[in-house]
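This document starts with two versions of one protein chain, written out as structure tokens and named structure 1 and structure 2.
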Structure 1
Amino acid sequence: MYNFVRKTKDTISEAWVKFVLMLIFLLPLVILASLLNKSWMVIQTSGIGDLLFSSVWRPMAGQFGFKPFIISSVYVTVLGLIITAPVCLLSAIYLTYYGSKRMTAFMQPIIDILAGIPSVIYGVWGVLIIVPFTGRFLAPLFGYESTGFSILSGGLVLAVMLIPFILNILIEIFRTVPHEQMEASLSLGASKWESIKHVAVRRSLPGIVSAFALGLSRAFGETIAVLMVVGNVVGIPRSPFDTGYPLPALIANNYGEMLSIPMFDSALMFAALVLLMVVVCFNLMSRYVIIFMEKRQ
């Protein structure tokens, strides 16, 4: 009797775990199918080629060219990651290998607080500080005229938002490097920095790539903070000081009031579909790079 009860409990537990796992697996497929269904109207009418590569955006005339929005999204995301990457990597190295335990204990709650601040607060901060700084100082410094609402402002705000997210991951990754390997490198005559560069960073390289991949995926879909500082003007940005209009901002600005227009509603769902597919493709590519690096180590 006892064995029967135990086997029954094990069977139920295993079935429940498999059900939850299958639910997690099916969730992105359900989201993909829903977005594809909702955007099928505009895909049939305009064609994927015109939707992705046309720059003409005239919704009332049925012309939906998403090229300016896609380029703006990529521009802001890549710029934010370029600014964030060296700050996070060097900060993680310092806190893990150079900083005292007291400093690490002091910085950890600060990083957690930054990670927990709502994105709209970052957006307000960007409007009050980053936008005037960009318009009055950075743009004239490089010979541009700008109101401050620009791709660069969006990238700077996005970079600040990504720092606590990526930094926390990098710190945990560097902590997984065995102390024995660092001590072996030091005992062979390498300096501390050489040991960090050739042992810690090299061993952690797949994790570092994964951290930045997750950060890029999150940055690509960031909405409110970027929306508030990027300008939201339809057009292909030619420089970081030009205004932009990322895909998430397009959806957030128009979705509520455009539900009554079926074609516009379908176009916005197509924008969400593009966002999803870009994130999925980038994650798959980064996963391949991580697997390739792990095999070479």
Structure 2
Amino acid sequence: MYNFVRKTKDTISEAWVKFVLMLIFLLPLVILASLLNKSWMVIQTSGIGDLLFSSVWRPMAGQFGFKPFIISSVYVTVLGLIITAPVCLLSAIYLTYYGSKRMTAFMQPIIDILAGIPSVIYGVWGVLIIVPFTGRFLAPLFGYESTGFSILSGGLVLAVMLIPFILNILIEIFRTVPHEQMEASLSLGASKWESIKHVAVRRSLPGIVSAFALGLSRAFGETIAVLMVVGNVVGIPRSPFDTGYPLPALIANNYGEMLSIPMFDSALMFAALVLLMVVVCFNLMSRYVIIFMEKRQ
């Protein structure tokens, strides 16, 4: 009897584990298929080219040109990465090579908490601090007129949100640089900074590049925090102080009207599909960069 129960439990759990395994392989495909299926209608009627490169956005008339949104997304994302990259790199080097053990022990929870703060909180902070800062301080400084709800605010908020994400990867990467190589460089009379520059950073280059690529893809899909500070006006932004309307914000803002306008839901699912593809591409790319550059080394 005992053996029977045990056998049955084994059989059931074995089956469940296999089911779960199948599920995880199917999930990406199901996500892709369902978004593709939903956006098929708009792809059929407008064509991929028009959707991606037209800037005419008139949902009521059935015209869905995503160019303004795509450009906004790219603008905000790249700006965010440019702002965050030096901060991450410098802090990562400091925490790995200069900071004492106590310093690292003090900073690690700070980084973890920053990583855990929900994006809506970053959004509130952005609205309260970053938006006025851009509108009242930065814009006049550079001779622009701006309410503060702008591409730049989006970029700044994104930059802050990316810090813990990228920093953790970078620290991980620098820790894998063999101690012996740094010692070798030092014993040739190189200073600590020279050794870091020529050995640690150089060796980690593929990792650094892919960390930034992953950061980029994370930033591209970030929704709420950016939405709250970026202004959300349809149009191609001409300067960082202009308002923007990134893809994720477009999806999030229109969920209500989605079903009342024909094909609108299909168009929004197409936007989600674009986000998905970008993320998948960057993921694959960053992997490829690591493999490729490691071979060369």
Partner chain sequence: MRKLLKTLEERFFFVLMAGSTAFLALLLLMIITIIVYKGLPSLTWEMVSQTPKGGYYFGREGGLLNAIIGSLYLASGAVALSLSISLPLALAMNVYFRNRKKLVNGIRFILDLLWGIPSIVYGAFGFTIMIYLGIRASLLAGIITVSIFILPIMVRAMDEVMKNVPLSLLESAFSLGSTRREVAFKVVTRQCFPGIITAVLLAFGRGIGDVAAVLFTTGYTDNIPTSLMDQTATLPLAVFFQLGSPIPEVQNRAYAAALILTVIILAISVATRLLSRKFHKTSIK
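It should be emphasised that the depicted structure is a prediction, and the values quoted were computed from it without experimental measurement. Numbering for residues begins at 1 and runs along the sequence of structure 1. Definition used throughout: the rigid core is the maximal C-alpha set that superposes within 1.5 Å between two forms.
By the stated condition, namely the form predicted on its own, the first structure is the one that fits.
Relative to the superposed core, residue 62 undergoes a C-alpha shift smaller than 2 Å between structures 1 and 2. Residue 233 is not among the residues whose C-alpha shifts by 2 Å or more between structures 1 and 2 once the rigid core is aligned; its shift stays under 2 Å. The Cα position of residue 29 changes by 3.0 Å between structures 1 and 2 once both are aligned on the rigid core. Summarising the core-aligned comparison between structures 1 and 2, the C-alpha atom of residue 20 is found to shift 6.4 Å.
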